[in-house]
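There is one chain below, alone, in structure tokens, taken in the form predicted on its own.
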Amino acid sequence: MTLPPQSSTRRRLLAAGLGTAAGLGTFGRSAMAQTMFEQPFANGERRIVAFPEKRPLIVITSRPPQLETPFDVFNDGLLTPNDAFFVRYHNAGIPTSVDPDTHVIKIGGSGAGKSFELRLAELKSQFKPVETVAVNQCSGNSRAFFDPRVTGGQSGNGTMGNARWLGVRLKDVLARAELKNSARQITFDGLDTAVFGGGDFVKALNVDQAMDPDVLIAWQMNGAELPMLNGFPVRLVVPGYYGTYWVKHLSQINVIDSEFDGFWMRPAYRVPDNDCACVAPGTAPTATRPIGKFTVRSFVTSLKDGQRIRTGSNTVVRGIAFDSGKGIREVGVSIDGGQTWRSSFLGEDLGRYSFREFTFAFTPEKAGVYDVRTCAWSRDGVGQPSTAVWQPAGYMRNVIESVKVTAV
């Protein structure tokens, strides 16, 4: 399902409602009646609330809003509907009113030979539009499953989503800035502002990353304007990289001659600087690097832990897999807790950055518990670990998941 395009007037009204509720420290005034939901981990009771332009989502925090997609959504199709797409902010000062007709992106910096500004209409008319399907995943997706537990937003597996993004290539915009030979990194800033520590949310990409033709400045997802809470009117789309780089409400792009060391690049969003990006549980890394590309992941979406199925009946199971852009080569399936494996059937390929559907069928021959597991491999031969690795920030979890069902 995709939302119909909405006018800028409607957009500002929705944003105004968001701001009223934000002033209370909660968004309850702009939401539907709240219900409760139990996540499958310790202290997992969560509220389910409908924010502006959103169906009821799982609330991790309300100020700033961190909203998780209920996992059932991922069984409905490969594209995550706009009204179900997860939300992640770092600062409480989020924009509550944006006029797309006057919004400006400023481009410049010490490493740029030319500084200029772009309005949304100019972005759409002066550069070639490009469309891509890509997963956006929070760095801390599945953080609540880390053992021992770590600090930060305690999300289940739903702080991810897959969408069809429309925009222009960042490299085409940067070409107009005439980057100097001294240019080293590009920084990106949005309209959200810091209220409690951490400073302005600014992210950086190396020049070669920023010039990747897959990186977009996007104004549309799934055929409609970006929802306000997902970055209206324009956002950065960095396929294959964790969502921390997908800056929302993009307003400033600076080309710099050095390595940016703002808070949200250092010390925040760092991982252990080793092959597994991990350390022994409860220890601290000796060296770190900025978080980068996705790990390989796969999930069963059509079965829930504890679900009952019928003995002797054919059970068709569906799931999704994705990686950082190499593409999914194979998804192995086990119904006996990983003792034996077989291949699944891969469905439609929407692109190397997209969710890839897989299906498999089995017939439980006798009553009892079946431990269903899936393991995806990317086209470069990288798969998922059978044992979860640990890091103090709770990022990049991609262990083989287990769903236990009971045949009766």
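Note that the structure is predicted; figures quoted are calculated from it, not measured. One rule holds for the numbers: they count along the sequence shown, beginning at 1.
Although it is not shown, the form predicted together with a small molecule is what the next lines describe.
K.L.:
Using a 4.5 Å cut on heavy atoms, which of D83, E225, D212, D192 is close to the small molecule in the predicted complex?
P.N.:
Spelling it out, the residue with a heavy atom inside the cut-off is D192.
K.L.:
Of the options T187, Q220, N230, T288, which one has a non-hydrogen atom that comes within 4.5 Å of the small molecule in the predicted complex?
P.N.:
By the 4.5 Å criterion, the partner-contacting residue is N230.
K.L.:
The chain here is shown without the small molecule. Which stretch in 118-126, 298-306, 74-82, 238-246 comes within 4.5 angstroms of it in the predicted complex, by heavy atom distance?
P.N.:
Among the candidates, contact is made by 238-246.
K.L.:
With the partner left out here, check for me: in the predicted complex, does some heavy atom of F146 sit within 4.5 Å of the small molecule?
P.N.:
F146: no contact with the small molecule in the predicted complex.
K.L.:
Evaluate R164 for contact with the small molecule in the predicted complex, applying a 4.5 angstroms cut-off between non-hydrogen atoms, and reply yes or no.
P.N.:
Judged by the heavy-atom cut-off of 4.5 Å, R164 is well away from the small molecule in the predicted complex.
K.L.:
Using 4.5 Å between non-hydrogen atoms, is F260 touching the small molecule in the predicted complex?
P.N.:
Outside the cut-off, so no.
K.L.:
Tell me, yes or no, whether F201 is in contact with the small molecule in the predicted complex, where a contact means a heavy atom of each within 4.5 Å.
P.N.:
Flag for F201 set to yes.
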